[in-house]
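The data below hold one chain only, encoded as structure tokens and taken in the form predicted alone.
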């Protein structure tokens, strides 16, 4: 009730064209860790009874009560398990808590009801580790078939010195491991979209010109060839892809898609330095409007910038692509884990700054994001069209500004696809916006654009657009990865 009252008080201010702040729309609530605990949050799962399971990088798992009631209620932390090897995935199913840790997928249960796990079972341990600091294993929740997907980082983020490093595998309910995709480099999180398709975040580095969100299609090649040495061991149902050019100048992903079967391009590139540097966890919003007008979209954590970005996805010519938007900032440490509660309409976020600095400034964090009920004026969706893009806004637009091509700007570029670490922005283009037509409902605008470039990131700015109430767009920039042009 208090939040709704605040939202009502904000409405006149926003309607008069005042400058909005994040707190007008989304409020960050810190959930303090137990005194003396170092809780570098690495995974979050929802439990029955409005409880959370929270894992930390040091190997502990806590059950948290009253996380929804902070700050009015004190959170209660109970140590559920300890001694795990850097768990980076939690999943609850049928009374068992599953934890993906570096060497295995484990499930555990509190059999005697004292709040501590007393049964531990290895579900699968068929991948390998050397002890290298970078050999992370990121685990999903269960998919519709009961499988858990595990994204395995390369050794040292550059080579594959152990079986299946640089692969994604699935663990079935019976504990069988199924090699599923190759070409991963340095995953930072894994999750599902609203249709149950699996995506992971991969970080800038060798063969990754920039960080990105990628679609984990079974049988796919994700771009980094260093883990392909395990094809004979894996014996998957598809052939080893040919190697890309091992040259300093490299190639382009759009070019190599034509040469490498099953090469799935990044669904959404997250431009390095512009939209963060280290993308992490993935959470899909399905809250029936209780988190604003973003149902079906993905929330992606960002470790270095201490942020959460927003992703709109669509499928064009059988390939996923879409737009990335800046969204939430000001978190207290480097976000790693994100978990959305559809019923409550809240987002839980947690992380750590160990190993990589983070803008938040604190060593670790566990926070909750609440929607105030006040909807920001935003570009809700950005869809590709044969001759441009269609923008859908969260509120009716001012037809004069939104219908003026001069209210928008666009730049485009791509990245080198090469063995070297990262890439500058290359092949720059300046597509020309020649038309802007506002739909009858006043909430969408059709942009006609000359010079779209397949395979490029298209940066859209909408600085001149105003809502019907005179408000500027809260985040007037979007980055669309145009893997396919509709109709082509």
Partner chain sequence: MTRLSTLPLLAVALTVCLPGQVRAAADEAPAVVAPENLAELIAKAKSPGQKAFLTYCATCHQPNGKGVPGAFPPLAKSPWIKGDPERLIRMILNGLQGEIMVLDKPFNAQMPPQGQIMSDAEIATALTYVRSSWGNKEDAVDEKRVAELRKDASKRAEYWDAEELLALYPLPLPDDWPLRQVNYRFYKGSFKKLPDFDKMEPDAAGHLPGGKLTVDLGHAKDEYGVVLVAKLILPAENDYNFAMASDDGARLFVDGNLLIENDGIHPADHLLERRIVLPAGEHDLRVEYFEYKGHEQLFVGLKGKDIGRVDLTDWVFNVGKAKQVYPPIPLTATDGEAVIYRNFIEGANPRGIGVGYPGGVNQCWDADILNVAMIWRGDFMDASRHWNGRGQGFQPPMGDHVLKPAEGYPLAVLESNDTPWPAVKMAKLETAKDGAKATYEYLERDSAYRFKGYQLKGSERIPEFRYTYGDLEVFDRLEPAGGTTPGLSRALSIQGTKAPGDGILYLRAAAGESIQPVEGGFQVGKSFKVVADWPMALIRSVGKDRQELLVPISLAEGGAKLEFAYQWTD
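Note that the structure is predicted; figures quoted are calculated from it, not measured. Residue numbers count along the first chain shown, from 1.
This protein has a second form, the form predicted together with its partner chain, left out of what is shown; the following refers to that one.
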| property | result |
| --- | --- |
| Which of 69 to 77, 293 to 301, 370 to 378, 405 to 413 lines the interface with its partner chain in the predicted complex (heavy atom within 4.5 Å) | 69 to 77 |
| Contact of residue 217 with its partner chain in the predicted complex (heavy atom, 4.5 Å) | no |
| Contact flag, residue 394 vs its partner chain in the predicted complex, heavy atom cut 4.5 Å | no |
| Touches its partner chain in the predicted complex: residue 310 (any heavy atom, 4.5 Å) | no |
| 4.5 Å heavy atom contact, residue 445 and its partner chain in the predicted complex | no |
| Residue (of 260, 346, 178, 229) lying close to its partner chain in the predicted complex, criterion heavy atoms within 4.5 Å | 229 |
| Site check 429, 450 and 480: each within 4.5 Å of its partner chain in the predicted complex by heavy atom | no |
| Members of 115 to 130 lying within 4.5 angstroms of its partner chain, judged by heavy atom, in the predicted complex | 115, 116, 117, 118, 119, 120, 121, 122, 123, 124, 125, 126, 127, 128, 129, 130 |
